[in-house]
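Presented as structure tokens, the chain that follows is alone, the form predicted alone.
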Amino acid sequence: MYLKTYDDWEKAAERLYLQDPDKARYSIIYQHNKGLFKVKMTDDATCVQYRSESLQEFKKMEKFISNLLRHMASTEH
């Protein structure tokens, strides 16, 4: 199921990650010919997805993922 807004996806993905950081994972797919990106966060029980053609939303997603990776790499959980 795809969420309707990027903000909804980001909040749901953050909740999913914080529930169990060891199980959460994400993937990003970019379809150049359509100018479309898809992002998915899952823990095998729950899956939240979002798709968009907006470069602005892609930049927001890139920043969110960057912060998430920083959190994953930190020693403080």
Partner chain sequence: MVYLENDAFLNELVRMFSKSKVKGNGTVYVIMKKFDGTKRAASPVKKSSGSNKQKKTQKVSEESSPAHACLIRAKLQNRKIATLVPAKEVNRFQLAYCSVLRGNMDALKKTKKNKSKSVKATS
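Residue numbers count along the first chain shown, from 1. Treat the numbers as computed from the prediction; the structure is a model and nothing was measured.
The discussion below concerns the form predicted in complex with its partner chain, not included here.
Q: Would Leu68 count as a contact of its partner chain in the predicted bound form, using a 4.5 angstroms cut-off between non-hydrogen atoms?
A: Judged by the heavy-atom cut-off of 4.5 Å, Leu68 is in contact with its partner chain in the predicted bound form.
Q: Spell out, yes or no, whether the shortest heavy atom distance between Gln49 and its partner chain in the predicted bound form is within 4.5 Å.
A: Answer no; every heavy atom of Gln49 is more than 4.5 Å from its partner chain in the predicted bound form.
Q: Please check if Arg25 has a heavy atom lying within 4.5 Å of any heavy atom of its partner chain in the predicted bound form.
A: Heavy-atom contact with its partner chain at 4.5 Å: present for Arg25.
Q: Given that the partner is absent here, does Lys11 sit within 4.5 Å of its partner chain in the predicted bound form, heavy atoms only?
A: Flag for Lys11 set to no.
Q: Can you name the residues of 29-46 that have a non-hydrogen atom within 4.5 angstroms of its partner chain in the predicted bound form?
A: Going through 29-46 in order - heavy atoms within 4.5 Å of its partner chain in the predicted bound form - the hits are Ile29, Tyr30, Gln31, His32, Asn33, Gly35, Leu36, Phe37.
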